[in-house]
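One chain comes next, on its own, written out as structure tokens in the form predicted alone.
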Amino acid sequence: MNNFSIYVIPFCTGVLLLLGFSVLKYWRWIKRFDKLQQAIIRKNIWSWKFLPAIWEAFREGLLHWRIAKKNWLLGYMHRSLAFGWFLLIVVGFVQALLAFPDGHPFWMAIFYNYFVHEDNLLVFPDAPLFADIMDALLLYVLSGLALAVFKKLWSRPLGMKRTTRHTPLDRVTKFALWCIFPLRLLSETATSAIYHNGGFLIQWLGNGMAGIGIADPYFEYICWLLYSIALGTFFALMPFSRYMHIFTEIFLIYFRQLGVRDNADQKSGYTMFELNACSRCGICIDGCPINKELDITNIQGVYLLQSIRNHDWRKRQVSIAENCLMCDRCVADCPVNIDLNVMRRHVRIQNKRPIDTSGNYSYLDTVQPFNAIGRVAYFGGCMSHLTPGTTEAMERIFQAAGQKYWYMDRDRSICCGRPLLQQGFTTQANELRRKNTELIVNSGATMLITSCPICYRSFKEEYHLPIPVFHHTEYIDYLLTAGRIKLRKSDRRVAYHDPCELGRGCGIYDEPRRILDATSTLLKTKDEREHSRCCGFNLGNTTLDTEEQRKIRNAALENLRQPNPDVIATACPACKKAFTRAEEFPVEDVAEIVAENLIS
């Protein structure tokens, strides 16, 4: 039985190029991991953490579970292409192994029907069953391909208003991918028309082809050659296209499960894995408030990663990175869990480096710590000073709970540094963090409580303090649970707005709701929790003008007004200020609602 034909050369060449370029790229990226990332990998590489990594890689790399949660039809499309092709390869290799127990070249499984012409019953006992399974799997993959073509023409039924605009290279690679499975069907049908092999589908199509007089070995050879060229082209271009995500996502999941995180200040090897794990699916586009309310469709995360990967710094990279609210909506929507805001920060840092100088906050050295031993430290934050009702409410709550506290920024406010960090001023942000850390550590305070989600996230993620850090909603929830404060329940109907930094940024959704449930009737809104709309006036974007910010804010307000509440509640002073500017409608912080309903 012949096991070689010259037409397998394009396929083999593509496989070798894929392996060569992939190994080279991955090795270069791994060498760029910083010292902390390398230490984490060395510590955990042989730990039990590889088990959840395997499960997540299977669930997301093949089954696309997160995408299916967004839209089951979109999930089916991705799953059938990924998992279906994977099963075709696995079952094909088992089929070839059973047919050639003494060994066979690796391409035999891919071109099995061309090389095995005998009646299925004569190859090995279960050959007819395997042939039928392979036909069923090919149908499964083709159904996903049909949906992909349909999505290209009309994406709304698959849950996407907009799809990604791809580069010319990505389009060529996608065309090669889309040709693979129809050409496989055609090739196997052409062989079946001559030799009557194959499963239920291929035999039926082959008989039909033979019935109309197409049973030509030359035509068969051309079909298999085109199939091989399509495979080889796709594999050869994969390392340079968006389809590099197919393997890269598996590595990213593994590193993430080991505990590796991106360097917040500069690119590392891990950054390269994140960049190339993006499939350019475009799911991040629809939820972006700049897209939804302003119809600006070229600055979303998918285009940021595309611009970084293609090194188009002078063209669009900076403008894309700067025009973002940093609201984490794209991060919440990303099926690969890529931290897109860190990527934006990398670009902003590089752009701001010439003016990010040290020594700007030398006056901070004159600020001395307070002796707060046995007390909690309370940090209101810059924006809270612009909405003093929140900080006043927190002082009343501390008094009601009998809690001694140190209001560390009552008289001289020191920014937490996160707004500067978000804009790319890392040196200046580091100065502020250094001084705040010194004050908190030297004070002897037992915990830190803040009312600003921006400050809260900074203290939690960037400071590495030796004491616990709480947002005031977490702390109030603790006081209620411990019975240290008691509340009356009013008859007011409240709609709660999830602040971006507190909700999507830190995962705090339940604590504010439990508090509001104890004080009022909490209403459900259409877009809440991870789908909450940004207030538009956060500190992440310096590109949008005031009118554009208002449009985003008004959309958030419209969502909150839909259930007809008596008051809108939030847990962020920036959001509160944005909403109160809009109109005469009651807007209160959760802390204010609690203070109003304290039972003394």
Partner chain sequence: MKYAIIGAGPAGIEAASVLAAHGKEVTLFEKAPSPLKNIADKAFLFPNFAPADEMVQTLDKKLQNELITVLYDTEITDLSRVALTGTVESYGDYAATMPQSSFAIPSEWKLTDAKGHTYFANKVLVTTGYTPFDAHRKEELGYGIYKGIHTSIEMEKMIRHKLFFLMIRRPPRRIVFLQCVGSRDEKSGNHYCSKVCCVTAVKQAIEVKKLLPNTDVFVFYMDLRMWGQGFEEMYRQSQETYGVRFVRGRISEASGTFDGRVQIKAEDTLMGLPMKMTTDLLVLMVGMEASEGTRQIGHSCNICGDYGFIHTIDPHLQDNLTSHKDLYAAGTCKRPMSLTDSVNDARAAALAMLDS
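Residue numbers count along the first chain shown, from 1. Just so we're clear, the structure is a prediction, and the values are computed from it rather than from any experiment.
Here the subject shifts to the form predicted in complex with its partner chain, a form of this protein not shown in this document.
In the model of the complex, at least one heavy atom of Thr546 sits within 4.5 Å of its partner chain. Put simply, Leu386 is close to its partner chain in the model of the complex: some heavy atom of it is within 4.5 Å. When its partner chain is considered in the model of the complex, Glu392 lines it closely, a heavy atom lying within 4.5 Å.
Remark: Asp411 counts among the residues lining its partner chain in the model of the complex, judged by a heavy atom distance of 4.5 Å or less. Just one listed stretch, out of 448-456, 188-196, 411-419, 256-264, contacts its partner chain in the model of the complex at the 4.5 Å heavy atom level, and that stretch is 411-419.
Taking its partner chain as positioned in the model of the complex, the residues of 559-582 that bring a heavy atom within 4.5 Å of it are, in sequence order, Lys576, Lys577, Thr580, Arg581, Ala582.
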